[in-house]
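Take a look at this one chain, the form predicted on its own, written out in structure tokens.
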Amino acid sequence: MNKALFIISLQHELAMAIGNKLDLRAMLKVFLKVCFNRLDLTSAHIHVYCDQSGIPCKLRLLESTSFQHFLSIPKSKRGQPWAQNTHLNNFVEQLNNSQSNSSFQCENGQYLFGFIIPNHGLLTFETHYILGDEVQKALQPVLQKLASSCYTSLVHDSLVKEVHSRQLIEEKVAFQAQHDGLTGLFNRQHINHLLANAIEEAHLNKKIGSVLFIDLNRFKPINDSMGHAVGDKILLTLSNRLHSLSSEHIDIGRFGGDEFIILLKNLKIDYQETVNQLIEQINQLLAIPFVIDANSYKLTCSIGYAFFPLQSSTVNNLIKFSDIAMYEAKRAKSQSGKKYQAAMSEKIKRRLDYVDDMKQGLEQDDFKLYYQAQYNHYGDIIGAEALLRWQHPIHGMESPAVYIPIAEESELILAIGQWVLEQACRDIKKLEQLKLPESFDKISINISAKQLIQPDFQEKILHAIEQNDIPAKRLGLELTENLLVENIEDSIKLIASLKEKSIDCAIDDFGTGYSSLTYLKRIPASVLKIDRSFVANIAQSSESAAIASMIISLGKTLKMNVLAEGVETIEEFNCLKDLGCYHYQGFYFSTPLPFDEFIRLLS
């Protein structure tokens, strides 16, 4: 009678232990503790079936599954984890293979009893006594219930994981919808949304806010020459620095490319001073060099800003106004930023109209090439520089200093540069049909930065030469020192390749750049042109004479010809000749002339 009551009590208590918890490990732990205490065990163990990923699962036919140690009471034996116990592992292996309850007596007199948890795992008891048959039989319905509870727990875990995964996906989608993929800052769409809310709050609370538009200077040459991987690392580094400025009143976003936007909310009465301080902080963040892959890069930025609702209450206008102000800061090379003014928009409109005028000028053949002859110290013409001139229908003859910068900003410089190349080659063809002086060498054209970085630039040069059937040696290219240094590696390869095809390059405005001596010896150019700023009044300026003398010496050392620009007086000519410069260009010799007049000068 007592044994029957014990069996009933055991089944009841074990059944109660099952299903108290939905978590698989927690449920099995409670069950194992009850077994350990009620059956006076020395240890108890559960091994569960797992899928290929090691996750507990229900055993299914024709599927690849294995079992692994899941839980033991106590956790170890004499300090050794049960998972490393050879006797237990061997017994469980045999139990799994037989798929039937079994027992084994160990050398130390202890007993191992194994039970199958249908389709889910293996239950092992270690005892100091023989477990009675009636107890083992009493465990069978309990194990069936335990198997059902295991399945319930696995389904619950699967649902929890699915819900969690879905939640993570939804959070990820929401994050991606609001943040930039590279930097993690707010993206353009979300910044627009935040700005709209900030404008509304500013009206309600009678507060002032500001939009700062930031653009990196000289980022594109680095990105083009060093690759997008380096460019992305610079942008990510800058984003992390800018993120340090974030607060409940400051939101930061990436507008696109190397452009960033900062939104300031709830500014106080000294709002202008707050913006000034923030701009100073941004410049300090940029003053720290960007060290990428053992290379160091120094960058600056241009910043424009506008206030709301003082200057506008619409998102598009505020972004546009701060963008316009940023371009004004870039033109002025200002580090302190520019506040938007209405006159800036009018200036932009005039520039756009001017671009349209230039486009029409190209279509209507209003652009012309003038040629300024270049001489040696004997008075012989050795070549000429092709200079662009534009007869504006209203303004008359326009200065290149006015329209060339506008053309470069608008990308129109590419079309103008191509026209100059083709027209110069056509004019060279006409010169080839004349009897040229033996001293005459070549016609040189000026190349812009945007032309130089075109991937097919060399092909365009060679095509124009071939199309007009002229000797390649008759065409020279002039590139400014700063332009070459900004794209130094590509420039060296390009000039070397052109030189192999008999097209020489000259370094224009030499001495005004910032890394002259470092890179000069690497650039395979044929001519150094002394900038006119060092030629003007050189006879009276010892500083200019010293600089010119240094350039001349450098040219001779590197076996390069040196040509002085802007020679306007006989005193300048004599001083340069005394210093060892024997090639010249300037009003003292000849003004720039239309092609027909230049031909007459040659003859």
Partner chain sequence: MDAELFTWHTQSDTLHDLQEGLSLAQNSGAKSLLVLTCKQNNYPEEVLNSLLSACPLKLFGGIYPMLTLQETLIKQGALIIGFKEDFDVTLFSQLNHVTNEACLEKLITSTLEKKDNFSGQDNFLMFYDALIPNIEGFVDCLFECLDHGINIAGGGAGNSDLIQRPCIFTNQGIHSNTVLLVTLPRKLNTSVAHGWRIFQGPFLASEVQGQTVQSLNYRPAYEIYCQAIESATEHKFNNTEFFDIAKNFPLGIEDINNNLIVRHPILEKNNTLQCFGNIPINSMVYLLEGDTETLIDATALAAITAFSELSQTTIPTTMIFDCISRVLFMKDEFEKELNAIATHCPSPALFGVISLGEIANSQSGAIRLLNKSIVISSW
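Just so it is clear, the model here is predicted, and its values are computed rather than measured. Positions refer to the first chain, counted from 1.
Separately, the form predicted in complex with its partner chain exists; it is not shown, and the next lines address it.
Heavy atoms within 4.5 Å of its partner chain in the predicted complex map, among the stretches 560-568, 32-40, 545-553, 50-58, onto 32-40 alone. Contact with its partner chain in the predicted complex, judged by any heavy atom within 4.5 Å, is made by just one of F104, Y129, W419, Y151: Y129.
A heavy atom within 4.5 Å of its partner chain in the predicted complex is found for exactly one of L194, I292, V135, L216: V135. Using a 4.5 angstroms threshold between heavy atoms, M16 counts as touching its partner chain in the predicted complex. Interface residue remark: K75 is counted as part of the site for its partner chain in the predicted complex, having a heavy atom within 4.5 Å.
Remark: F125 does not count among the residues lining its partner chain in the predicted complex, judged by a heavy atom distance of 4.5 Å or less. Proximity of F440 to its partner chain in the predicted complex: non-hydrogen atoms within 4.5 Å are absent; the residue sits far from the partner. Taken together, W390, P393 and F510 are entirely out of contact with its partner chain in the predicted complex: none brings a heavy atom within 4.5 Å.
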